[in-house]
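This document starts with one chain, in the form predicted on its own, laid out as structure tokens.
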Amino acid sequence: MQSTILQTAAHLMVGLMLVFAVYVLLRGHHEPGGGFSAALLAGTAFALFAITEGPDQVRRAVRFRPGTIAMTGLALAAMAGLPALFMDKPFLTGIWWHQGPFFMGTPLIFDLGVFLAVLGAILSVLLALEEN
């Protein structure tokens, strides 16, 4: 179905949904949200994009194979637990680094890994279903 109204609305909604997914990802370790919720939201945005534009446009927009995205996410989530081991703490204990007004912690790295792993899995299924 080719609908100019649907395509225009989808382009606006996909952008808003992806920005909101980043927001949900970043607030996840302080309030409800995080990598899993943000990936579901981003996956929904890509599903809407695939419905209106087709799977080839989604592949061009993502630029990486979904399996590579998922494996990178799994590796990142696993690596988030390593700094705690080097500090003689249990695996996946939250470690924080402060540098002036900026700070970074392993929970954010873990959430980013979960986000990439779930998004890669969603994109794999979505693109496989869209092609058939």
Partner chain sequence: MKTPLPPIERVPDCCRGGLVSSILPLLLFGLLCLAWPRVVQGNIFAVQWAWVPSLDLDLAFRLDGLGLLFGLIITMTGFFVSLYASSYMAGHQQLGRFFFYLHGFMLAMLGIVLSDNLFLLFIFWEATTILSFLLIGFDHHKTAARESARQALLITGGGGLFLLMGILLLKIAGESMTISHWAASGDMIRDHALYPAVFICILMGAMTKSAQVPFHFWLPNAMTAPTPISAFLHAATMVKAGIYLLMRFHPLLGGTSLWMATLVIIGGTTALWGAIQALGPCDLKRILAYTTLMALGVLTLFLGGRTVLSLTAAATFLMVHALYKAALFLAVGSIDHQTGTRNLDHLGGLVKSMPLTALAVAAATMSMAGFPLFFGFIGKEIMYEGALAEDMFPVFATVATLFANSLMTAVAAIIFITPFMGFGRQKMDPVKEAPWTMRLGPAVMGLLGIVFGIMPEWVSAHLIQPAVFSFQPDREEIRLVFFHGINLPLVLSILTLTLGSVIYRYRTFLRHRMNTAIDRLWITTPGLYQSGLDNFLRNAGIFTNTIQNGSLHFYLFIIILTLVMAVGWVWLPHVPGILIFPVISGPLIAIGLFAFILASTGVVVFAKKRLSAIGGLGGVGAGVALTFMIFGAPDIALTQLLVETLTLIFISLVLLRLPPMDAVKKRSRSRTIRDACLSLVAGLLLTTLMMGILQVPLDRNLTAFFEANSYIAAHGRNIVNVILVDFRSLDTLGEICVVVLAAWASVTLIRRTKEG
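Since this is a predicted model, take the numbers as computed values, not measurements. We call the rigid core whatever largest set of C-alpha positions still superposes within 1.5 Å between the two forms. Positions refer to the first chain, counted from 1.
Just so you know, the form predicted together with the partner chain exists too; it's not on screen, but the next bit is about it.
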item: 4.5 Å heavy atom contact with the partner chain in the predicted complex for all of 8, 12 and 61; value: no
item: Close approach of residue 52 to the partner chain in the predicted complex, 4.5 Å, heavy atom; value: no
item: 4.5 angstroms heavy atom contact with the partner chain in the predicted complex for residue 107; value: yes
item: Partner proximity in the predicted complex: residue 33 to the partner chain, non-hydrogen atom cutoff 4.5 Å; value: yes
item: Partner proximity in the predicted complex: residue 47 to the partner chain, non-hydrogen atom cutoff 4.5 Å; value: yes
item: Residues from 73-103 in contact with the partner chain (non-hydrogen atom within 4.5 Å) in the predicted complex; value: 74, 77, 78, 91, 92, 94, 96, 103
item: Is_shifted residue 65 between the shown form and the other one (CA, 2 Å cut-off, rigid core); value: no
